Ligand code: ADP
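Below you will find one chain, with nothing else, as structure tokens; this is the form predicted on its own, and questions on how it binds or moves follow later.
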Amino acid sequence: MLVMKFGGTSVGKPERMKKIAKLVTETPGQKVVVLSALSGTTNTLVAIGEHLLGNRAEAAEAEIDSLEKHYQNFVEELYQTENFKAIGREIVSRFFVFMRLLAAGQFDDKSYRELLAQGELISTEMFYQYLQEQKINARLLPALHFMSIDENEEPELEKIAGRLRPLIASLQHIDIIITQGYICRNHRNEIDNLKRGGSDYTASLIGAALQAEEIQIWTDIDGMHNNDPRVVNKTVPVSELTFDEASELAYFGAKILHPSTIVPAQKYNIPVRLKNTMDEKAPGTLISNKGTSGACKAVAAKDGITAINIKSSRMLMAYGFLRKVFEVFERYKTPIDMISTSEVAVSLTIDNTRYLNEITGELKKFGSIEVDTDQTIVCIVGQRISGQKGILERVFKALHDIPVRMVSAGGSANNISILIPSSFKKQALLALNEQLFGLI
């Protein structure tokens, strides 16, 4: 069993949807194919939802009209026969009637989640009907029949496996099983989602539930690169990564992979392969428990970071101080990315500022507080990198003209993290690319 996930750009145009149909058909064995919404759809659905929550009905209707025209044109190019064009038109009509019914009713958070699910539901149905037109042995298996999260919004892997395995067993004679990424049901049995980028997570959860041979994540780039190709011109794909290395890179900004994707795959030791739909012959990146040696594999950057510094003489030779600080963040369910301590101060970073005022208000009980916004964490990843001789010297040589706010090394054997002002991000990534990889 192979799990193949295709992102929005991979299905974003009729010719690309046809290409992935050919690709999955030519891949031997039984496959579960996980699809995202067509590129741009989720962003538009978010905009529609925000308009409706803000009582801007006319703006929402204009967005719905525009999106419907896009899908109508898509259908005319995707299908070849008049019979399947008619089927495609019916699919589009049905989904957009439902969207307008949602918009006309009492629109709330539940309605919003239902609206956001429509992108994946329509893309998979259109793709399934295209395979039917091509007389390909396929079935559509709705993710809402097996994918679920608990009250803490965490996927219920054992329950997912318990539902999914018998469904797959009943489809042994089917070559291609199509399902939706991103969408699920919550503990109230309502339609919900795995958050942005969640289709990767869906593929990994399915792979873990089915004990698949491999999970393939197909995007528009040939694997995970050694640096951010959106910022740095000269980057190269990384051929192999360990699960731990890939997790660090995904969490700290490598957009090709959802940060949670690695967890289920690593738990059951299922290789994850990152592939390029635009160049299927490119080797991509293989993520497994093996990986390859090397002082430095890749660099990633995470924006939108806020640094909080707490200075207090009460820390001096005291115990329990850090516990009290961490309890503040726990109360407001706000994760911490980096932490650095001295005898009388502690600095830490967060990427969720929803409760920043409440958190800093409580922290003021312990001492003076300083908050720095618009920060970026630059993460340098490699196997046991923190113990490599000379690596910190090379990192700081690259960053000698850049103000460094915090440094974290040793907490993870595979990661060195540097906090800098976001305005220096591009300069830092370029300098590290030259110093660590010899790419100018």
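What you see is a predicted model; the values in this text were computed from it and never measured. The first residue of the sequence shown is number 1, and the count goes up from there.
This protein has a second form, the form predicted in complex with the named molecule, left out of what is shown; the following refers to that one.
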(message) Can you work out whether I221 and the named molecule are in contact in the predicted bound form, taking contact to mean some heavy atom pair no more than 4.5 Å apart?
(response) yes
- prompt: Is P229 a contact residue for the named molecule in the predicted bound form, using a 4.5 Å heavy atom cut-off?
  reply: yes
Quiz item: Using 4.5 Å between non-hydrogen atoms, is I256 touching the named molecule in the predicted bound form?
Solution: yes
| task | Evaluate H225 for contact with the named molecule in the predicted bound form, applying a 4.5 angstroms cut-off between non-hydrogen atoms, and reply yes or no. | result | yes
Here the chain appears without its partner; judged in the predicted bound form, the stretch of 124-132, 229-237, 98-106, 321-329 with heavy atoms within 4.5 Å of the named molecule is 229-237
Contact check, 1-40 vs the named molecule in the predicted bound form, heavy atom within 4.5 Å, ordered by sequence, gives K5, G7, G8, T9
